[in-house]
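Take a look at this single chain, the form predicted on its own, given in structure tokens.
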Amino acid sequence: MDIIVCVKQVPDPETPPASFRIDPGTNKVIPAQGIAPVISTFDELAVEAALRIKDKHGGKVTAMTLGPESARDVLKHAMAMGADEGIHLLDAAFGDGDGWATAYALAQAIKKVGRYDLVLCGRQAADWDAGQVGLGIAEFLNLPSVTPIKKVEVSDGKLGVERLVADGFEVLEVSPPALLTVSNELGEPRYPTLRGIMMAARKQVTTWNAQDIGVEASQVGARGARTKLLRLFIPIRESKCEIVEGEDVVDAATKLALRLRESKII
């Protein structure tokens, strides 16, 4: 089975809040010094889901990303886990796109790849949490999609999928080619082995620009975006403490209850 996994580079979610900064003029996150960006958590799980299928049934796993030069690191991470190839969509034209523009570029790149049975994405990115790109790709490629999923198995040429719902999960059968988005209920992803890291370091990453995938600059990136970010800001969190005293414990408890009632907490 030929599988394409879309992965994204994001700021490390473990970045201390005190180190998190934004530029309100450009509405962009300022990278924290000394803290490297990482592969998005759900996308790493999508790689794991692909590798579990490959372990059982063989085939080929191709990791694909869209982003700046540094995004090559997430492809190397996926290849160190066990992915066979990496494709990097790298072009200034791709910059500052929204979910629509990103999904369109990735879909066009997947068309260029040609043969595939399954496309896997994380259920949402660990930075914006929008959950739009995977379904956008499915729409552009006219693929059946299931989201989010906790398990996928291959049997008799069909995909057996467990889809998460509010009170449990549904069991579905999907015919490939299809697109699935993977959730953390899949389980822990494997760690890259030393051998895997060394092999990934020797592998070449394929780089495609906008012209390579047959798109105009006006269709992708900021020029192709359908949404506009009006404001990016860090929420202000404030807390206040009020000491309620009394002549004794009973009096203090009574006054506390009255104060809570005045504040409409009880």
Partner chain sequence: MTEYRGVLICSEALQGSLAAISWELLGIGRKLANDLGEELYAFLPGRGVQPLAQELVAGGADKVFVADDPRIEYYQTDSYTALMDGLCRQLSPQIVLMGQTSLGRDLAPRLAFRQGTGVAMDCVELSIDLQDRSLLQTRPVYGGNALAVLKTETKPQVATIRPKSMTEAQRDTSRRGEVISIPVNVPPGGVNFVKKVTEEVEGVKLEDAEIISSSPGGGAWGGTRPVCDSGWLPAQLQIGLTGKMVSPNLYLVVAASGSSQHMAGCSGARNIVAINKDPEANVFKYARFGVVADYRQLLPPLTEKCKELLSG
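Residue numbers count along the first chain shown, from 1. Note that the structure is predicted; figures quoted are calculated from it, not measured.
Below, we refer to the form predicted together with its partner chain, which is not included among the displayed structures.
- Screening Val146, Ala71, Ala80, Ile110 for any heavy atom within 4.5 Å of its partner chain in the predicted complex leaves a single hit, Val146.
- For the chain shown alone, Val174 is a contact residue for its partner chain in the predicted complex, at least one non-hydrogen atom being within 4.5 angstroms.
- Of the heavy atoms in Asp156, none are within 4.5 Å of its partner chain in the predicted complex.
- When its partner chain is considered in the predicted complex, Gly168 lines it closely, a heavy atom lying within 4.5 Å.
- Mapping the unseen interface onto this chain, Lys56 falls outside it, with no heavy atom inside 4.5 Å of its partner chain in the predicted complex.
- The stretch among 92-100, 110-118, 190-198, 72-80 whose residues place heavy atoms within 4.5 Å of its partner chain in the predicted complex is 92-100.
- In the predicted complex, its partner chain lies within 4.5 angstroms of at least one heavy atom of each of the following residues of 198-233: Arg226, Thr227, Lys228, Leu229, Leu230, Arg231, Leu232, Phe233, in sequence order.
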